[in-house]
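Next up: a single chain in structure tokens, the form predicted on its own.
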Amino acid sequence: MKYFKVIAPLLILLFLLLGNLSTPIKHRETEFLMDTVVTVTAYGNEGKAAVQKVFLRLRELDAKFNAHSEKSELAKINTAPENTPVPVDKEAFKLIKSAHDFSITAEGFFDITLLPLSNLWGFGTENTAVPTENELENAMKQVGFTFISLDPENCTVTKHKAGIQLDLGAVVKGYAADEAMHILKESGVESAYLDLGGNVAVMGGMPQSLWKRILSGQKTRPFVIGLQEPGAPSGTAIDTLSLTDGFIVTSGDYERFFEADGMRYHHILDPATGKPAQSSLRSVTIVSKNGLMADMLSTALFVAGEKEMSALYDLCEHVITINDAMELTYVK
């Protein structure tokens, strides 16, 4: 009995320690949304329910901000005549205003009215084609964020030129990643990984195995995210980044492109020319605490190229570029 009184508490303590050191359950789901493959991984008992909540929200955002859907908030704006205030819901207004404000900050290297140009090139469809100079000239007349005004009091968006159409393709994935991380945290998830087609978000670090936790004394380690080597097979990393919490967003010329007459044309368009940006860069990667900002920054800095954009760099934690010579540079 004497030994039992000593051993029993020790066994209870041992079981508690082992329970605390065990690797949390992993739950992962994948779905095609926002024109890309989305994978959400959450660790812990709350993971399954949390991931399901995330996908419900992502589907909602996909429907609301799909520029090609007749039922989206963007469609209401895009189909309205000029000089007609169009009421949108508060979330749509907030996102459009954030992107519009950023367009001003980016000094023309970012524009949310490029849908006429994107449609002309056929990106996102099977009908890609190089437009004629005359076609480009006509499409460019329908582009310009300065032809949009926003009324915060009435939550309306007004176009002041015929043909203006909004496309939040360079915005909504970053915003969706922010929303997903918020849902996971609110659901009690401590560790998670989100891959939203070039937009990666991580939270809480990667849970370690029992043995590694015993050796290191730490429950988690930073997630390791590979930087895609432009032009190489998907998953080929040119370098890696370690991150515990935050967002890593890459804009590159290798994800969506087509070839015609020996030339290669990617989907990131320069608002100044209406053509794929020729910035001498193959990719730009942003590390940030804000998914929406990282998404917009990666596009703007890719278009700007090596031009000094201190106003944009100040909004980033880290900027990594890969140029045409495949030189990787940690700009910041």
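Since the model is a prediction, treat every value here as computed from it, not as a measurement. Numbers for residues come from their place in the sequence shown, where the first is 1.
One more form of this protein, predicted together with a small molecule, exists but is not displayed; see below.
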query: Partner proximity in the predicted complex: L74 to the small molecule, non-hydrogen atom cutoff 4.5 Å; finding: no
query: The small molecule contact at K64 in the predicted complex, heavy atom, 4.5 Å; finding: no
query: Close approach of L114 to the small molecule in the predicted complex, 4.5 Å, heavy atom; finding: yes
query: In the predicted complex, T299 touching the small molecule (heavy atom, 4.5 Å); finding: yes
query: Listed residue (V189, L194, A170, I96) with a non-hydrogen atom within 4.5 angstroms of the small molecule in the predicted complex; finding: A170
query: One residue of E91, E229, E255, E179 in contact with the small molecule, assessed in the predicted complex (non-hydrogen atom, 4.5 angstroms); finding: E255
query: Answer range among 106 to 114, 240 to 248, 145 to 153, 219 to 227 for contact with the small molecule, defined in the predicted complex as heavy atoms within 4.5 Å; finding: 106 to 114
